[in-house]
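In the form predicted alone, a lone chain appears below as structure tokens.
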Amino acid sequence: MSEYSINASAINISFDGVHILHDVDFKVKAGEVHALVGTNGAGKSTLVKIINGVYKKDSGTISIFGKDLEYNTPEEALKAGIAMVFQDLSLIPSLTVAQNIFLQTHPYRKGLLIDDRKAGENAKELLSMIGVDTEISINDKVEDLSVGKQQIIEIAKALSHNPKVLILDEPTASLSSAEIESLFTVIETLKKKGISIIYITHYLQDIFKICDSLTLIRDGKIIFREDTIDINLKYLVDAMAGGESESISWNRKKAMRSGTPLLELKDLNTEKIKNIDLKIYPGEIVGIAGLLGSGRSELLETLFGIEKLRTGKILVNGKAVDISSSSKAIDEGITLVPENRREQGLVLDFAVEDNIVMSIINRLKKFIVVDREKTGKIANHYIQSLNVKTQGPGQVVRYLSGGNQQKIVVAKCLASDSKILLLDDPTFGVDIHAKHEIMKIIMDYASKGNGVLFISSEFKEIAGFCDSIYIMKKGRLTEFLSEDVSEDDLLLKVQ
């Protein structure tokens, strides 16, 4: 039998003519925990989705324990012995642990009925196998369990298929320190049972705690495969950045932090963020550097009235304001460009014009009828000023490119006459030309005395674009930086 549980060789894939993976070789030894590492957009997700059968490769081979296999669906990958636990949990809260574990398969039946007793016995065996049967009862309802225990139930669910290879995608992103240690214990148990684990994370320090080896992927190409004992965190960070971690100059003068802040947060607390103090001054672009699960998106959602504020104050121009809904946020001059533009920022089957004026439609009514002359003027203004590539204000947004869709989301925010713009990864998934156009729009917005709170998965953007930067970890702001920093500096600080 081969020493490798997974041996992917010369894997290539393209989307819409764009080459994403280039002759990728990826190997995982039997019974090892192997990290797949890279920045956002490096190709990690694409590679594991090929291994898991979500995507069909253009060329290359995948062998499982030395046997070449062809499969094109996750179900076929499961039959081949590959299971994946995704970052977003897929449990049904109102069902029990046992019911969730066998939700997809229902293998134990009495005629047409499910044999709950037999399913319970086997669920208990699975929990025992990973060493959590004394902590989690098969009769517990999932909604009563912590996120960490729910993550372990997802693993047990994957193990019900008896996989040889288990892929874990960002498994610690939403866990507490104690829950992470519990998860690591489970991973060690699985490793001893000979199960290979592909471990994907942005928390690089975890790799050196739990992983035997790692593969670094950058720009769709494999850079190296190393045992973790042979490298250190600084070496890995430098390699991820590819020697190009210096700040990009956007030729803009830093805003002065003086006078009354445009936006000030005092001891903000929600379910997911703690003791947040933050200031944005007129003309300032403030960055938040944090890893997935750090609370960065939740902070922006709190400021836009999506997440419920428990305690603390939000001040706009020195005046305390109530932001208990998105409409109240807009009334106070705060708007959000959300992380997922297609699901949260746009109505895809509406026209460009309708999307741009959506948040201010009540301001554009004559009695109860929308003033279409006004909406047309507003839409045309932003189409021209933001250089949106479209057939006109009546074109359906779904058929625009990703970069132009993002411009429409930004236009919707600008149309509301906001003074504070919250940006959650505004350049993610757009081409380089659209990215620079969007950054220019943001710079012009700030130059008019407005304020920007900016999140990006690319720390190079934060380092080179922002006047000042807050570091965020586990729901807290841990450091404030007003001096120039590099991408490397930020990658190390957020760990």
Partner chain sequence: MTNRLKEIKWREHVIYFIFTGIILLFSVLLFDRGFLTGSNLMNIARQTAMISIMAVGMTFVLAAEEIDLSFGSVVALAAIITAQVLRATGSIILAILAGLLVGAIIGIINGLFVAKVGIPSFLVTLGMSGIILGTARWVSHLQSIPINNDTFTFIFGSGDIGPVPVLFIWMILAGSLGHLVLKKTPFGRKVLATGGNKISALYSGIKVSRMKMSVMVINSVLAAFAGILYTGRLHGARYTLGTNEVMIVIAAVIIGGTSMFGGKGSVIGSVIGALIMGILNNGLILLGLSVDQQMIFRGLIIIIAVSLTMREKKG
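Numbering follows the first chain given and starts at 1. What you see is a predicted model, and the numbers here were worked out from it, not measured in a lab.
Beyond what is shown, the protein has a form predicted in complex with its partner chain; the following relates to that form.
### Message
Quick one: Phe15, Ile306 and Asn362 and its partner chain in the predicted bound form, is every residue within 4.5 Å by at least one heavy atom?
### Response
All three within 4.5 Å in the predicted bound form.
### Query
Which of Ser146, Thr260, Ser327, Thr73 has a heavy atom within 4.5 Å of its partner chain in the predicted bound form?
Spelling it out, the residue with a heavy atom inside the cut-off is Ser327.
### Message
Just to confirm, with a 4.5 Å cut-off on non-hydrogen atoms, which of Leu127, Ala80, Val165, Leu346 contacts its partner chain in the predicted bound form?
### Response
After the contact test, the surviving option is Leu346.
#### Entry: Answer range among 297 to 305, 266 to 274, 117 to 125, 231 to 239 for contact with its partner chain, defined in the predicted bound form as heavy atoms within 4.5 Å
Result of the contact check: 297 to 305.
### Message
My question is simply whether Glu458 lines the interface with its partner chain in the predicted bound form - judged by any non-hydrogen atom within 4.5 Å.
### Response
Taking the distances in the predicted bound form, the answer for Glu458 is no, it never comes within 4.5 Å of its partner chain.
### Query
If you check in the predicted bound form, is Tyr55 within 4.5 Å of its partner chain, heavy atoms only?
Taking the distances in the predicted bound form, the answer for Tyr55 is yes, it comes within 4.5 Å of its partner chain.
### Message
Contact with its partner chain in the predicted bound form for Gly293, defined as at least one heavy atom pair within 4.5 Å: yes or no?
### Response
Flag for Gly293 set to no.
### Message
Even though the partner isn't displayed, in the predicted bound form is Arg310 close enough to its partner chain, meaning a heavy atom within 4.5 Å?
### Response
Close contact is absent here: in the predicted bound form, Arg310 is far from its partner chain, nothing within 4.5 Å, heavy atoms only.
### Task
Note that its partner chain is not shown here; using its position in the predicted bound form, name the residues of 386 to 404 with a heavy atom within 4.5 Å of it, in sequence order.
Stretch hits, in order: Arg398, Tyr399.
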